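One chain follows as structure tokens, the form predicted alone.
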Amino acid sequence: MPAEEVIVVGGGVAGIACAVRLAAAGVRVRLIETRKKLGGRATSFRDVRSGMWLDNCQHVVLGCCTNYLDLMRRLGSIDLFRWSVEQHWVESGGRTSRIRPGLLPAPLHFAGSVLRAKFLSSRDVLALGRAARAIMCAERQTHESETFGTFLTRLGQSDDLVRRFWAPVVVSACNLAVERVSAAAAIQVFQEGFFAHPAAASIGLPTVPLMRLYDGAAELLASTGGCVELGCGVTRVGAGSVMTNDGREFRADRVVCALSVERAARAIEPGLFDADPRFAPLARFEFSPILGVHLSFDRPVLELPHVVLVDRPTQWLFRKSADGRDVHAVVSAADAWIELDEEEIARRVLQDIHACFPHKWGSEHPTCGSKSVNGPQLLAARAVKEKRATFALVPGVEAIRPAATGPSGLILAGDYCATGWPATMEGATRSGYRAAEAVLGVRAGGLAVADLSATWLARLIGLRTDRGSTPPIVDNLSLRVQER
């Protein structure tokens, strides 16, 4: 029977996506979130030291994230992103290579800039070409039991090339080292994010704190009689009711559990937990941490909007202020950093920045807390640790990722669910849309926004994207990004 009233537990991206699509269908939705703000792990907080709103970690959207971009349109936030079609890879010493799409159709659109990349030798480029061809034609499911590191070794990729090129891309996308991440997940990143469409790898950076992207959710839900309940913890989640930590019980036609995987495992009603085979594997998920470091200097340090640091522990830098004084550093798969104190974290990041931008400091070696004589002075550093930032996409995990529906009647949503995508905002959005499909009785994929269409050349070469029969469309925003 059609659901007239639905409870969505969890105000992260998956929960918001589900609630928004249900409201668009006229369903009355109560979205319950423990925190006093929406966004889950992709949100912001007010720093007590500076009083500024800081993001937990820098989140980016790519042109291939068609469903997340659709969600941003529905929330009225689509114009709150700054887009770039190029990446800057900076080596120790400051030598910079620009990777951007050229005139050739995908999957050859990056060929020209890769050939000119200074951090890659001619032997590296040839090896990359051989591996790229194999990745394009690979069937992902056949590689779920091996790591991407093993896969690359079999393709003749040297340790140096893995460290300088493959690792920065995969670690950033999957939040796991190439030696641990499932080859199937990494292959998906390249097939969808690089080879299918020239705009797929375009980078969109929010121009506002992350939490502002979800401002439109409350109004959308209210338009059909729903609401957003913030600061409301949940102790028990059932198929038709929810118990809050203040003793209230809410009932509805359907319940969607959009909590993180570890919280869902604790909150699901015991009787349902035992009756539904989807739930027992939830305790088997492993996690991988991300470290975000906010840095403020007394003068400009970063002119470029974002850079990849080649073969450095700090993988990405993002310019957070127009003048380049505020910088955000990201360390994905940050297991080796999590137990460090903030001063040591700042010291290591500063060391990486100095190694790649030595001209800013001249002969000086900047240190945290000491006065710089000629170079930029670090005024403040704030490290944000997300110990359970994402589930770990290790070999075999795909088999335990749960479907949205099961015999218990409780609907699941979250980036850990079976979406075919890594733990990303796109994966979370797709899961939320699938949960909404289950509530509405729509066929699987009926609410999904199609992927960017693969070019004729990509199809001719034999690109596999495991998209099934979904008719491809070209996203208008991505076309505008490409034109820029």
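As the structure is a computational prediction, the values presented were derived from the model and not from experiment. A residue's number is simply how far along the shown sequence it sits, counting from 1.
The discussion below concerns the form predicted in complex with a small molecule, not included here.
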### Query
Just one of 229-237, 340-348, 80-88, 157-165 has heavy atoms within 4.5 Å of the small molecule in the predicted bound form; which?
229-237
### Task
Answer with yes or no whether L259 is in contact with the small molecule in the predicted bound form, where contact means some heavy atom within 4.5 Å.
yes
### Partner contact for S44 in the predicted bound form: the small molecule, 4.5 angstroms, heavy atom
no
### Task
May I ask you to check whether E386 falls inside a 4.5 Å heavy atom distance of the small molecule in the predicted bound form?
yes
### Message
Taking any heavy atom pair closer than or equal to 4.5 Å as contact, tell me whether R35 reaches the small molecule in the predicted bound form.
### Response
yes
### Query
Of the options R263, R140, H354, R312, which one has a non-hydrogen atom that comes within 4.5 Å of the small molecule in the predicted bound form?
R263
### The unique member of L378, V308, A184, I290 whose heavy atoms fall within 4.5 Å of the small molecule in the predicted bound form
I290
